[in-house]
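So this first bit is one chain, no partners, the form predicted alone, shown in structure tokens.
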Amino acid sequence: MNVLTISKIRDGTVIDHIPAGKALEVLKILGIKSGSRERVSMAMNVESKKMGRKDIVKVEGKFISDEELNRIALIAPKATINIVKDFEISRKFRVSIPQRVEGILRCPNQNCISNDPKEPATSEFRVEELNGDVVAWCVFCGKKVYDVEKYLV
């Protein structure tokens, strides 16, 4: 039997039930990249009874913001968040897909007013989950976006 062991964190955030292969996108959303000083544990494609395979991210000393939560919900709508304080889970919850997002996604329609640098329009999308996938509609031009992670700003 293979056992995965990742050490506990004192204070920080654990993001579980990330779809397999999307942990790197979560790190990008959290602003963690090469040269970052945060203590991070990441497991990709680990076995999961519910999901088959999943990814897990633990970040010491970082408490997730609402904007980061919305971004993560767009690419991992079934993710769970554990806020850890002094080695104990102080809060555990599942992300929820926001109904609307502003300034988080870029519209793929090059002619959309939100892509015109001369216009003061900030991108805005209506978001829904359809058949397990997150789908976003541009409020300005109606363009539908299925692969949301490609258009995260």
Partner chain sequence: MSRIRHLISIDDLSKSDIEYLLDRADDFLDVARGKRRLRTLEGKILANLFFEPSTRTRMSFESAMKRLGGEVINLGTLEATSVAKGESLADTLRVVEQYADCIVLRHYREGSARFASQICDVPVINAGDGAGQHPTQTLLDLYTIRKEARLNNLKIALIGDLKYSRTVHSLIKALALFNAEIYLVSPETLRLPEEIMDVDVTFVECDLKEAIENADVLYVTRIQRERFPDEEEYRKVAGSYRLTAEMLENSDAIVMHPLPRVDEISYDVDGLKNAVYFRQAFYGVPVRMAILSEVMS
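Source: prediction; values computed, not measured. Numbering follows the first chain given and starts at 1.
A second form of this protein, the form predicted in complex with its partner chain, is not displayed here; the remarks below concern that form.
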query: Which of 121-129, 88-96, 48-56, 61-69 sits within 4.5 Å of its partner chain in the predicted bound form, heavy atom basis; finding: 121-129
query: Single option in C112, V40, L27, V84 placed near its partner chain in the predicted bound form, where near means a heavy atom within 4.5 Å; finding: C112
query: V139, heavy atom within 4.5 angstroms of its partner chain in the predicted bound form; finding: yes
query: Proximity of R10 to its partner chain in the predicted bound form, heavy atoms at 4.5 Å; finding: no
query: K143 within 4.5 Å of its partner chain in the predicted bound form, heavy atoms; finding: yes
